[in-house]
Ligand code: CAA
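Have a look below at one chain only, the form predicted alone, in structure tokens format.
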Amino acid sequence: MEISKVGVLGAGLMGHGIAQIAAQAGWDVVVREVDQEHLDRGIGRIEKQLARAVEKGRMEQDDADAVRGRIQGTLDYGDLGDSDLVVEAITEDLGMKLDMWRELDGIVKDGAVLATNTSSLSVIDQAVATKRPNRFIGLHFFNPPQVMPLLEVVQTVTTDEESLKTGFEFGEKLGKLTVHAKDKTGFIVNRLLVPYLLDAIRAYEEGVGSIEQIDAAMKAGANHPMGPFTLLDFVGLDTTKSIADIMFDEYRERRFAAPPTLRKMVSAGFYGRKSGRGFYDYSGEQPQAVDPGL
């Protein structure tokens, strides 16, 4: 299926990045938010990213202006009606997503493909909330979408071949490495990554090593670009706990269970970089490891 217009639901952490790279690939994009404040914030992030690209010589000003010109912000679902592909990137809450899909399904034209950017929720649970489960896929981008090269294209038991092909073609035009994932909770990356991050916390709880030692060991010994605690803070401890809870509910295995330290830090509001404190304190010039003391 040929794509002319892309709709993006949500202009937050993931949504604004998806909207930007879709516009950079040449598509007209309409991005919808719940209110003007959130919409302005998301569009502002896109404008800041484009300005930075121009400043660093990665993009000409005329090209940046053209990308911005292809992005339309809206508060009205109706503006997504003529989209060929709609990508959802709202809060990772199944109830909210289902309500959104039920409203949007009757607005978007027949034949359009609907996609969720969920990182952990079942794609089929969302697909069956629409009248087109055969035209529903998962498109799991990684944070930040403007930088991370991977796109997991997720096939459900109802996804037809044309919709799956559309997902792969979309990702390839974005310049992403696309991998085919089945609709299993966590898909490929989080199925393997989340237990590793949780086990790093358990290793710390059991006195295997300090936060700095575990991070340094995994960087030097496994050639990881960042250690597990640095990555936890980058992803967000609240986000990690949410994914872990969903995966534990699905698989009922200890390796997916959030350790006590993670649960207590989230309760305390220590989410990582976005809150200024997680396993590291970000208030100074350089992050400093902090004993959670929990």
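Counting begins at 1, following the sequence as shown. Computed from a predicted structure; not experimentally measured.
Keep in mind that the form predicted together with the ligand is not shown, yet the notes after this line are about it.
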Could you check which residue among Met247, Ile46, Met265, Val235 gets a heavy atom within 4.5 Å of the ligand in the predicted bound form?
Val235
I need to confirm a contact call. Of Ser163, Ser119, Gln126, Ser83, which residue comes within 4.5 Å of the ligand in the predicted bound form, counting heavy atoms only?
Ser119
Quick one: which of 136-144, 68-76, 210-218, 102-110 gets within 4.5 Å of the ligand in the predicted bound form, going by heavy atoms?
136-144
Taking 4.5 angstroms as the cut-off for heavy atoms, does Ala51 touch the ligand in the predicted bound form?
no
Consider Asn190 of the chain shown here, and say whether it contacts the ligand in the predicted bound form, taking contact as heavy atoms within 4.5 Å.
yes
Looking at the partner-bound form in the predicted bound form, is Met148 within 4.5 Å of the ligand by any heavy atom?
yes
Does at least one non-hydrogen atom of Leu39 fall within 4.5 angstroms of the ligand in the predicted bound form?
no
When you measure heavy atoms, are Ala19, Ala23 and Val34 every one within 4.5 angstroms of the ligand in the predicted bound form?
no
Those residues of 223-249 which, in the predicted bound form, come within 4.5 Å of the ligand by heavy atom
Pro225, Met226, Leu231, Phe234, Val235, Ile243
